[in-house]
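Structure 1 and structure 2 below are two forms of the same protein chain, each written out on its own as structure tokens.
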Structure 1
Amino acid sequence: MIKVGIVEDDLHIREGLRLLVNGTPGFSCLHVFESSEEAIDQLPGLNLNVVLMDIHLPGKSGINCIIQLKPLCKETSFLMCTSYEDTESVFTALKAGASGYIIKNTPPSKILEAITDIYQGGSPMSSHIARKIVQSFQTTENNTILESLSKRENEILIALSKGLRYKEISDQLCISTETVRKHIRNIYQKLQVQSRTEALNKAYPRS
């Protein structure tokens, strides 16, 4: 039996989740809370397996709630169940100690799958939330790649992305064609590529 708790201030959502959990064999929800303050006061000692946590709550946010509860409920896993989909909220929740992140409009069967997954040690996430995280890492990596290039090298890389030839780049930047070639060799070396196409794909990956 997976023992589930719910921290949600919206009555309809809270009761809907409780009915879903209690109406499914192998799941039990005996404890629901309307606020972080209630959860912080009552959750420790209940030995729940999984807690569904909203972010936007009256008083303390769900994220701050997790920060306070995590040291007191070491055997409990927290699954964010919220309407917030921005990358900052996702990362802040995960850093606070949440083990998963799903959106409130997730189909009931998927919510139950997420609860089971997190109970078994997984880190369930709504598919588009996971995609946001991947894109965020890709953006960070891309920024690091571009920062490794000098200002002039970035200018030349942008010119290459526009399809300009060496002579056109040299005319545009008022430098010799040989200097353009030298910069391009340096770009290839820094990006560890062998061609214009490889350099552009690495520096400006398609999302």
Structure 2
Amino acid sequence: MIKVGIVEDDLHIREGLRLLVNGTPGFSCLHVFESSEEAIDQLPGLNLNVVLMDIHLPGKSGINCIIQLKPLCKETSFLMCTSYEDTESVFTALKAGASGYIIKNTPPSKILEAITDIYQGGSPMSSHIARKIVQSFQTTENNTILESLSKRENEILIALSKGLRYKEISDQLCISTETVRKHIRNIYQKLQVQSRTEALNKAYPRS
């Protein structure tokens, strides 16, 4: 039995979804919420399996709702519902902790399929959204910068990124600390920076 929750402001859609879920063997929906605020208030602790959440809610949006709820409901998967394929919103929602999404006018059987899919560890989504996500996590390394550094300089930069001190780096690479200093000075000059942190931020930007 998959325990489903619904967060949806539109009465008709909300009741329609509830009827669909409760009318299907293997699914049950005992909790529906009209707003993000209501959901944030009551949802934690209910231990639902899947929550259908409208992405565009009046007041606090479904995305902000997830941002708050996800850390409190680790075991619950969130399936976003949107009226059209709003790539940006969906993308943001997924980043915030949603696991998939469906378009609202999806046929009922497909909605149930999506709920089952997400419950079983899938992420129902269009291949177009999938591509955007794949791209965002592909390690598009900033080769330009790293390639301007020599092999040794790159080694040293990696050591710097670990927080090692000059002495530790020189021991590890079996060269004098003076040489390490020299390399680092050259690195800083190439990257046009004045400190370790600046260099690392240029070479390995964080997300």
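Because the structure is predicted, anything quoted here is derived from the model rather than measured. The first residue in the sequence of structure 1 is number 1, and each one after it adds one. Whichever C-alpha set is largest while still superposing within 1.5 Å between the two forms counts as the rigid core.
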| property | result |
| --- | --- |
| Selected structure - criterion: the form predicted on its own | 1 |
| Large Cα shift (2 Å or above) at residue 29 between the two structures, core-fitted | no |
| After fitting the core, residue 12 CA displacement of 2 Å or more between the two structures | no |
